[in-house]
Ligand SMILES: Cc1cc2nc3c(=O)[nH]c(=O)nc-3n(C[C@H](O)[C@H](O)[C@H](O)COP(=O)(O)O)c2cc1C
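A single chain, nothing else alongside it, follows as structure tokens in the form predicted on its own.
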Amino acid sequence: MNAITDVTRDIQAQILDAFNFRHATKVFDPTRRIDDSAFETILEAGRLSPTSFGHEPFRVLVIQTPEKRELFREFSWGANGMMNGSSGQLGTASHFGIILAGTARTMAAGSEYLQNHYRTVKQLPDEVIEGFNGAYGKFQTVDHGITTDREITDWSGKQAYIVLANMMTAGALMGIDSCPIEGFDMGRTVETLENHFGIDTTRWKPAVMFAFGYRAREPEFPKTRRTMEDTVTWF
């Protein structure tokens, strides 16, 4: 019993250390690159993340070519150093990318995409697929009122954030820094993905950008959060 308790306490300490270590890194050390196997682990944490109904309504783009990254420079203020006078995450991150969220065309109940997902990924028999279609259709139209393209895309975006959160935590556990980035022009990002990356944005739209690497310097300010008493209410 004591051995199990000691192991559990060690895991608890590792988790809390990782969360205290992690911060929204604005500038990375451009000379340090994440080991390929470590970043594969980060991606695997994202791939294995839970999503509502197991629909996996996300795609991950990893953009490593400097010329491709620069396509976002002008309109991605949250990633280009405008706030701190540097080249920001676009120019310094070891790994940079975008998580895409499924639109109504892919994630509306009964869509061709979902029928294929049920058969080829989840490997469900037809009778179970029929049940999925009914349950998910009710979830969208009755339970949550998610029917428009914007509403369905936003719902997919919620799942994308679960994915990115798990990727960032996996990175922090390995001493790898990260930053989620929402500071970008949505319309121009969509246009860039269409014209330069071949993304069908009627099916997939950007939810959030991300950057991973190693911090160039320690955080200027200590981590602050509300107290546990002000955050959690028990009944």
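All residue numbers are counted from 1 along the displayed sequence. This structure is a prediction, so every number in the text was calculated from the model and none was measured.
Below: the form predicted together with the named molecule, not depicted.
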Partner proximity in the predicted complex: E182 to the named molecule, non-hydrogen atom cutoff 4.5 Å: yes
- request: Report whether the minimum heavy atom distance between F139 and the named molecule in the predicted complex is within 4.5 Å.
  value: no
message: Quick check on K223: any heavy atom within 4.5 Å of the named molecule in the predicted complex?
response: yes
query: Any chance G97 has a heavy atom within 4.5 Å of the named molecule in the predicted complex?
result: no
message: For the three residues R47, Y113 and T153, which mark the spot I'm curious about, does each lie within 4.5 Å of the named molecule in the predicted complex through at least one heavy atom?
response: no
- prompt: Of these, 31 to 39, 194 to 202, 53 to 61, 174 to 182, which stretch puts a heavy atom within 4.5 angstroms of the named molecule in the predicted complex?
  reply: 174 to 182
- request: Using the arrangement in the predicted complex, list in sequence order the residues of 13 to 27 with any heavy atom within 4.5 angstroms of the named molecule.
  value: R22, H23, A24, K26
